[in-house]
Ligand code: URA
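Next up is one chain by itself, shown in structure tokens, the form predicted on its own.
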């Protein structure tokens, strides 16, 4: 596979296409140790491309675990709110996007990537990839409600929700702490499910998607690349 040198460098986050062209003209870029003919020069992905003495290795896809904070939207651009991609340095590649969405007031695990195929598999309704949330809800959650979630709930859609696993972590008359695993992604689904049993979600955090769990060492607004083991296990889970 061949690719234009300026696109190669821009895709790898060295700069914008116009910035990269300036770097090339200023002789700050080498291909296999030699000066390139120009920004339009085609390079193989196996070529050694360097910028200011640093080798820029080609990666077709990148995968990041992001701890989304409340108050930002799961989008690339927004005219009114901070977006999840605003937390990524500008020298990162420009084709990243969030896989799926979390409500603006919901925290937790979000996958950021440029792998459209994986995103499609993860979001496909046919895959039923489980998503697990930690929630603080109003009132006492009972075993009866655990059974209702397990059977599926009417939340105003054509069909009831698919069965969901609700685990009570702590429960008292004022507030309950729970973990909920669902296999769908309906609009405001978690909140609507609790509303269906007379409860209100006070705090919501996604802690897992399939086999991928949020790294507890991350703080809100932080991210890291997925390990090879995490990525392989995650891909296997979405391929089923």
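Just so we're clear, the structure is a prediction, and the values are computed from it rather than from any experiment. Residue numbers count along the first chain shown, from 1.
There is another form of this protein, the form predicted together with this ligand, and it is not shown here; the text below is about that form.
- Among the residues 209, 65, 29, 190, the one placing a heavy atom within 4.5 Å of this ligand in the predicted complex is 190.
- With the partner omitted from this view, the residue of 102, 166, 135, 85 that lies near this ligand in the predicted complex is 102 [heavy atom within 4.5 Å].
- This ligand is not drawn, but in the predicted complex it has a heavy atom within 4.5 Å of residue 204.
- Using a 4.5 angstroms threshold between heavy atoms, residue 106 counts as touching this ligand in the predicted complex.
- Of the candidate stretches 211-219, 33-41, 190-198, 52-60, only 190-198 has residues whose heavy atoms lie within 4.5 Å of this ligand in the predicted complex.
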